[in-house]
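Before any questions on binding or motion, here is one chain by itself as structure tokens, the form predicted alone.
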């Protein structure tokens, strides 16, 4: 039982002793939600605000706080003081160290995990690459936020389904086939991959400016795809295979996996049902030739279902996809990790699902994020100002290798560590700030070994591993002197470690991996402060054991946190 839960249980017991017949008093779970971490440690380690109890008890908050602190007799847990309507708790430092370390070391890699998600499924739609286009840095956030959330929910016991909703439908594929048939060759495309497909697509538009009839040829090839023409489908599926082969290298570097690659084309035969259902429920109207769902009463523009020519749109496919996912996976939540520019689109789609009578529409969530820029410059594909992700990752590995060559030239497995550090630096930089904030990638920040960065946290993990190696074979059943961990540095670290499970749960509740990134950064900084202020391998065996236990707990928690955001933890750096 973690410290906040223990405090909540004891506060609940006090309430029932003091006011046994009062109704409307909060239970331990609600009390736990009330507990706060004071902004200043001089105000205590935890604080319980009594203001929300005033109505039920018909008492002023300061009087409630005085009563609760006066009834407090759990001094082995914490000392309680009433201050301005709060009960401030000052933990018994020695017992807090014992309880925290025994819990972490007993749970090991499972510390912070739970079974709360057992029997529930969460679908996550992320990355969603476009066929025949290279993976660029603009796809980094959706890919890494989605990957991290998938890991977080799995850690909390949920069944997770990672979905790469491929952009694999539209007239552009007819144009690409047209360009291939006119100016390409199978040998050149196999050799050049997505780069060659991009070259052909660019040439198509250049030639179409001179000969507009090419546009009709491109549309004709797309109609052949729609109609199931054998040749068109063979070329189309080959383009998809080439793209997935190209992106597989990037996903492997990032440690990202998916359970489904069902993209836009997958829903071609599933949209008629949706359109018919909308019609049966009298939700469709015709406006200027297009078929829509009117959302004026919801304060939104209409949701377009069919164009004038009867063609479907993104919304049509997303409605079909949501229904398919619910019927297939019976999700508790379906998350769409897509940039904030699509906010209106998803609000419209979710509202249409509600109008269709699907109660589970409330469980569909748009997890939005900000824009990505590179070294202060906005990215624009049409202007050619784009950074391909594979190139960025390889550059990160090369830069990490150069730094390692300079700092630790004798390091074993330099290539492996360079990969872990370089890739980790990119991921960490992307997940450092709140997801809704725009991210500006800078090399000097991402690969800084001394600042708030991936390499800094990885180096702290390696430092913990080094300390434990120097200690040799350790019998973890040896007695520890927990009194050696009552100093401010050890306590600051212990508090961060004890709160780590709550950070994971809050990160899941708020769809915010950056909370875990922040937590492991704080733990790394606190451990380094402790490391510099205290001799870990002390002459006193009890003191040494306590400090080694704290080191091991820090190492394991950092490693878990890094894993949850998709970053590896080298043991030597």
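Because the structure is a prediction, the values reported are computed rather than measured. Numbering follows the first chain given and starts at 1.
We do not show the form predicted in complex with a small molecule, though everything after this point is about it.
None of 339-347, 149-157, 409-417, 387-395 except one has non-hydrogen atoms within 4.5 angstroms of the small molecule in the model of the complex; the exception is 339-347. Using a 4.5 angstroms threshold between heavy atoms, residue 130 counts as touching the small molecule in the model of the complex. Although the partner is absent here, residue 134 sits far enough away that none of its heavy atoms falls within 4.5 Å of the small molecule in the model of the complex. Within this chain, residue 240 is remote from the site of the small molecule in the model of the complex, having no heavy atom within 4.5 Å. Contact annotation for residue 165: at least one heavy atom lies within 4.5 Å of the small molecule in the model of the complex. Highlighted residues 331, 510 and 512: none comes within 4.5 Å of the small molecule in the model of the complex, counting any heavy atom.
Listed residues 224, 99, 351, 139 were compared with the small molecule in the model of the complex; 139 is the one with a heavy atom within 4.5 Å.
Site annotation in the model of the complex: the residue of 261, 90, 314, 183 reaching within 4.5 Å of the small molecule with a heavy atom is 314.
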